[in-house]
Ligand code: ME8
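In the block that follows, a single chain appears as structure tokens, in the form predicted on its own.
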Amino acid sequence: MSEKKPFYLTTPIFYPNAKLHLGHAYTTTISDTLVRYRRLMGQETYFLTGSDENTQKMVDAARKVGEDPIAFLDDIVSTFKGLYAELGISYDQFIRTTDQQAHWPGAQLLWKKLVDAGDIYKKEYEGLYCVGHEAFVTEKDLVDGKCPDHATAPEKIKEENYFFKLSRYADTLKEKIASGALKIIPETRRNEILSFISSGLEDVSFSRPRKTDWPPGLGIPVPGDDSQVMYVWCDALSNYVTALGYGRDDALYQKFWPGIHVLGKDILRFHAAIWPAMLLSAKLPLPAMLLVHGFVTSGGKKMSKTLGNVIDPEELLAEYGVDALRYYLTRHINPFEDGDITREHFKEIYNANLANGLGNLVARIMKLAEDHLEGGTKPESADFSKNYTDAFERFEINHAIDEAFRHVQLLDQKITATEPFKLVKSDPEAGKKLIFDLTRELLGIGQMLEPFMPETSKKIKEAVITDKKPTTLFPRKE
């Protein structure tokens, strides 16, 4: 990279109405991989994740199990953070939308900016509301009268709400996206949102009447009207700037905004239409980029309890370890397409590429080093291949880790061709030089793997530098 500007990356903030699933694990893992790469390249980074808590679905989930919503929230959020710790997610901040100090001031300031721009108005509205989406839907969104994503019929609601003039920004949004001022990758998603905007944008509901079953501290009051709380858009989406201090001490905001949003394709419309329109209204910079990934399926089908194909990330972590899961998610799922995972394929890939591949290579080289070298290999600054860095610059993380494992294969082939076990006996000096070179190349592989498999990377680097044989990295699974 020619410039090393501060790098800001965000994940969506997920609903804490239930445990996180493999799709959430995928989003956060690829996000963490991108941030770790930038750190490896010497960039200053800021990595944000969090939870979207001012929602009816969360209140409903709490009431269903007979818990106080705030206590329920705290419990679920602790499971979020627990999973992220197990996955090695190295976030800098976890933003909660119930945080009245970190989040509310910025969200309310943004609302006021939209009011000042003349883009907020109040009207009576009657529509179909899907609790699962926390959004109003139309008849054309339904299949047999039900939301296709949640298989539930939406509620018919009539209420007076504040609205945002989204329609006012349709032409500007199209121009910004088409010109690349708001970059969206992959191109298929860019074209998708351009088509959606061209079909016409309607103004969106921006508030809801405060519900009587919501406890104090839940729901951000609309500035100047405590009878209403901010709806998901100005509340949840604003987290990307409020977390940086927008509306408070905005030093981080000035330093890191705009940033890159990593998100699933199902929330593209919110992030590529509503959110940038809000920023345009408030006269704030647009995001630098939207990186839109596909779904993680199992057996070619969306995971569901009914089909019995749900795979809990905790299950894979317990059986195979964190780096095996991170390896699969970053290498065997294309970040721009839907990707599939089954327990059978995971085990097959694990044994072939990790136990028999990388793990075996490390064991062979370190056994040679342990027997024939003294003093270890002095670490050097990483010299990464152009294929590796170019893949990261294109956000093609699967191709970047492919490059790391291409070096694994090349090193295996070099051992086969040079036979260091024999050479060190027939010509000790030449044999030791060859083994030293092998350890240095292995160190390079360890450095390349840091963004993807940080624990494995650390073990490889420590083993090479100290000449200590590591424990078996990936025990074979029968």
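Sequential numbering from 1, following the sequence displayed. Predicted model only: the values in this text are computed from it and were never measured.
Here the subject shifts to the form predicted together with the named molecule, a form of this protein not shown in this document.
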Of 218 to 226, 137 to 145, 205 to 213, 290 to 298, the segment with heavy atoms within 4.5 Å of the named molecule in the model of the complex is residues 290 to 298
Taking 4.5 Å between heavy atoms as the contact cutoff, choose which of 344, 149, 266, 155 touches the named molecule in the model of the complex. 266
How about residue 54: is it within 4.5 Å of the named molecule in the model of the complex, going by heavy atoms? no
Is there a heavy atom of residue 27 no more than 4.5 Å from a heavy atom of the named molecule in the model of the complex? yes
4.5 Å heavy atom contact, residue 9 to the named molecule in the model of the complex: no
Looking in the model of the complex, any heavy atom of residue 463 within 4.5 Å of the named molecule? no
Check for me: heavy atom within 4.5 Å of the named molecule in the model of the complex, for each of 15, 23 and 237, yes or no. yes
